[in-house]
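Taking the form predicted alone, here's one chain by itself in structure tokens.
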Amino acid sequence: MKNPRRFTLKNKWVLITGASSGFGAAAARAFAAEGAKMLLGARRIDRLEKVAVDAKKIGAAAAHFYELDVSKTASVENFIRWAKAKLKFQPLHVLVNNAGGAHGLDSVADGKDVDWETTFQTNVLGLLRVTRAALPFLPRNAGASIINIGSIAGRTTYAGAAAYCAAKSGELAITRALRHELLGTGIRVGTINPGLAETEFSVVRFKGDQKKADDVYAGMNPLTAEDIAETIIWVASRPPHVNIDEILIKPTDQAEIGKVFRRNK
């Protein structure tokens, strides 16, 4: 039996960044199953188009896509102008700030500027840019949500990930600050922080080295993109007076970063 107090997502506009793969693509499919209308952004247009097509097949009331690079202010501004035209004065009820990722696993001594800069541009400044641009379209006192995708790395640290841990700590701080800034507006703000989840995350981190990426998840059962998408839907569909501030979600096989149970292959 459906919960009558559940916030309905049917025909509500949802904006998802980093929607071409991983958590973003899975979230698009999950919102599609709810009958939502979507604005999807990412850099890889060909893959983004496929996500939009699949979303329509699943049941999305609408699924539009446009190129978005959150690391560039001009790209964010162009995307939001496009989104405004698609909204046609309708409100945006859900913003999912998913674009991000890690780049490299070098120590601070061996770190590369390009990796550090990309990490902060996407995970921190990109989050700020998109939120700033989208806020005018979020209705007040109508159950709207900003859902930021963080990481367990924002709550702890590990060798080779100084920049990534700092960036995800930044995401957590931004989320908490937004809760203060938007208090009284009725706009809900929360963060979902996954542990080990098997997506393209490690492939990107290891610059396309599939073996290194596979080794991260060897012998254990990691989270899936669908697990996180299901959690996003749950957060967005709580009654309007309920705000899920923070969720830390890990696979059962992971107690902490570096503390993982692995079965024999």
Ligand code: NDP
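Each residue number is its position in the shown sequence, starting from 1. All values reported here derive from a predicted model rather than from experimental measurement.
Separately, the form predicted in complex with the ligand exists; it is not shown, and the next lines address it.
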Partner proximity in the model of the complex: residue 230 to the ligand, non-hydrogen atom cutoff 4.5 Å: no
Contact flag, residue 149 vs the ligand in the model of the complex, heavy atom cut 4.5 Å: yes
Contact test in the model of the complex: residue 145 vs the ligand, heavy atoms, 4.5 Å: no
4.5 Å heavy atom contact, residue 29 and the ligand in the model of the complex: no
Stretch in contact in the model of the complex with the ligand, which is absent here, among 135-143, 83-91, 178-186, 115-123 (heavy atoms within 4.5 Å): 115-123
Position in contact with the ligand when the complex is considered in the model of the complex, options 55, 36, 68, 39, heavy atoms within 4.5 Å: 68
Any residue of 157-194 that, in the model of the complex, places a heavy atom within 4.5 Å of the ligand: 164, 168, 194
